[in-house]
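Shown next as structure tokens: one chain only, the form predicted on its own.
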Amino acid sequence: MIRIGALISGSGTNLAAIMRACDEGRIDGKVVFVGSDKPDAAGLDKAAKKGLPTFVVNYKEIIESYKKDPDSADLPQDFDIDVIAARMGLPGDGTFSDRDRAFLVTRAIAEARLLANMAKWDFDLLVLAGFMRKLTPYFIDRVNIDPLHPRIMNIHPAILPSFPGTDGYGDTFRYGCRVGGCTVHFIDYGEDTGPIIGQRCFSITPDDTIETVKEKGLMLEWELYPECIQL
């Protein structure tokens, strides 16, 4: 039985699909915790109704606190900003911008809290089920302990490598594509660039709208994600 941790930001429809697949035996596993960056994420209620432990690391509060007083940032002791910057393709000599520094510092604080919460449970796989925060090498390297066995999986609303980023279905539709789809992949340091596990596609007709494109995509996501986890 694979032990699955999940991070979400919103309604948790993919989380629900994963939990349902576990209950029905389509995944030989169980969800052991659900975390979120937003206290009001509806998916937390879905998890609580299943009796699952949940936690929140409020990224927004961390970012606002840093903006008010950057010098008071409570950084984890094992955080080296130059090392993390270099792994993300930024200058590793401290010459990056204040904006990049703020991003790296606030992410490190938030990710250290994620890791501290996640450490309460043994897990084999971490699934990002609509988690809308980019993870940095600080977090990734502490979950992917063995480079040959990645443990962070994500689902993206486009046929990667096309249309990475936050609005895959919208980008697909606006570009005029006649085929859309979704991709499950492992996480690496890039933006939706990790090794692809599985993909599904659907036709986009002249009658489709952005709303119907998203509906078609979600239906496939709920099938594809559990299949890739089981794989």
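A residue's number is simply how far along the shown sequence it sits, counting from 1. Because the structure is a prediction, the values reported are computed rather than measured.
Here the subject shifts to the form predicted in complex with a small molecule, a form of this protein not shown in this document.
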{"item": "Per-stretch contact check against the small molecule in the model of the complex, the hit in 55-63, 193-201, 162-170, 28-36 (non-hydrogen atom, 4.5 angstroms)", "value": "162-170"}
{"item": "All of Cys177, Gly180 and Asp208 within 4.5 Å of the small molecule in the model of the complex, heavy atom check", "value": "no"}
{"item": "Contact of Ser11 with the small molecule in the model of the complex (heavy atom, 4.5 Å)", "value": "yes"}
{"item": "The small molecule contact in the model of the complex: Arg107, any heavy atom under 4.5 Å", "value": "no"}
{"item": "Val83, heavy atom within 4.5 angstroms of the small molecule in the model of the complex", "value": "no"}
{"item": "Contact test in the model of the complex: Met132 vs the small molecule, heavy atoms, 4.5 Å", "value": "yes"}
